[in-house]
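Two forms, one protein chain; structure tokens for each follow separately as structure 1 and structure 2.
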Structure 1
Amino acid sequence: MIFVLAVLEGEGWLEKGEFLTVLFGLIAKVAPLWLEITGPRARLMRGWPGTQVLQMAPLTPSAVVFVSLALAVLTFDGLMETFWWQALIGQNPLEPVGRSAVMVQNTVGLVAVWVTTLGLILGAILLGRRVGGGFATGPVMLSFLAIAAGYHAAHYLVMLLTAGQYTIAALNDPLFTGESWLGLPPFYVSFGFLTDPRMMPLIYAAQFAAILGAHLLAVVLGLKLAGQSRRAVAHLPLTVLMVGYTVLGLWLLSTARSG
């Protein structure tokens, strides 16, 4: 479908209508390296993470909603595996009935998390604006791109390390003929590190660093993007929200989960 629409709608469609392109295009703005393309020339740029974010135009209302959805999806993807959520929807985490049977509950949960996320963010921004001025939604919302990037890195790190091996194996021998297109020797997909007491703390530390780093970056960006406030206390609502969100992210990574 993406291919057909791209042919029908032309070059601009992917950037506007294909959600993964939009999502990763936004997240990539946090990267310390980027390409600047002007005419036939491409320049490789580098700068502190978030440098590009500060140069971006304010997010449009639909982009604000989209970024909040990106955050909510990650939060709920973690949340739905927790024993806490399973108990809430009356599931036995040791005897799960499968995804199909909980599709309604999980869809309702996802929408609820989305609405809550959007509501809390907009609420905090509004409160900041009321208290001290500044805090235009479009610019401030840009700071949440850092959180989206950090959450992605933390949430999908283990998947990258596990499913990534299948991807390499498939690329090495895509037709199952025993060939080695990447020149790799035959190898077994290996998950031993998941039970290795030396590896798991390292993985958790990396996830911890990604989430904490993302939130710190978001706070710095928030300070720069919030505009002139008359009172420093205007930053309090958003800061409280950020701290709460950090705690939630770390809890999701460390609590008992199934699946």
Structure 2
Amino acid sequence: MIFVLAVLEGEGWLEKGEFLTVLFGLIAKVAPLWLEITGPRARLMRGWPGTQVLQMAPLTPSAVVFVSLALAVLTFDGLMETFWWQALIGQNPLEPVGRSAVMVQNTVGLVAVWVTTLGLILGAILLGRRVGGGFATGPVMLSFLAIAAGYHAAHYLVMLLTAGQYTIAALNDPLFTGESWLGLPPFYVSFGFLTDPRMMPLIYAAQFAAILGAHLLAVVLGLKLAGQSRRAVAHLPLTVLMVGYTVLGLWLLSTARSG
């Protein structure tokens, strides 16, 4: 369907109609390196993470909802594997029944997390506007792109280190002929590092740094994007929300999982 629409509407449709293109196009704005394309020329630019975010136009209402959905999906993807969620839906985490058996419960949970996430963000922005003024939802919501980027990096780091090995192996010998296109020696995919007591603290430290750094960047961006406020207390609701979100993200990384 995506291919058909891209052919009918042109490649430009992907930037607005294909959700992964839209999502990663937004997240990429947090990167410290980016390309500026002017006609046939392209320049490699660098700057502090989030520099591009400060130059973006305010998010439209649909984009605000989309960004909140991206945050909610990442949050629930970690939440649904916790013992707490398994107990909540009446499942034994030590005897998983498979995702198909809990599809309804997880779908309801995802929608609930999405509505809660959107409500808390909009509520914090509205409260900040009432107590201090100077807030606009579209610009301030851009700061949450940093959180989305950090959550992606932390949440999928282990998958990158595990499933990424299959990708490297496939690129090195895509035709299974024994050749080495990347110049790598033959190797076997291994997950043994996940049981290494020296390696796991390093992985968790990287995840911790990604989440904490993303939230700190989001606070800085939020302060800049909010503009001049009449009272400093206007920033308090959004700051409290981001601190709470940081705690939740770190808890999801450290708590027991069934997956």
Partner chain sequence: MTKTTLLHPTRRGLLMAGGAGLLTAALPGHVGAQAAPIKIGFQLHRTGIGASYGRWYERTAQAALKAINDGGGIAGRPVEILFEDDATDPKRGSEVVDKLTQSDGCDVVMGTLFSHVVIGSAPRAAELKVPYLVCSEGYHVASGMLNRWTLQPGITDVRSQIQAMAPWIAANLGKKVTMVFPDFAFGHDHRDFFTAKMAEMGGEVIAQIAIPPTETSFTRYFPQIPAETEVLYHVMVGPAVLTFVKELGEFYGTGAKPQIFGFIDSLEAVDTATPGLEFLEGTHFWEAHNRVKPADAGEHEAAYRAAVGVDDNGASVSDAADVSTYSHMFSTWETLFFLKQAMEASGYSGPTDRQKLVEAMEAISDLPYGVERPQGAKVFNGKTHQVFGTQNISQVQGGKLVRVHQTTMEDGAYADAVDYTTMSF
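Quantities reported herein were computed from a predicted structural model and do not represent experimental measurements. Between two forms, the rigid core is the largest collection of C-alphas that superpose within 1.5 Å. For residue numbers, the reference is structure 1: its sequence is counted from 1.
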Identity of the form predicted alone, given as 1 or 2: 2
G123 C-alpha shift between the two structures of 2 Å or more, rigid core reference: no
Rigid-core frame, C-alpha of N172, shift of 2 angstroms or more between the two structures: yes
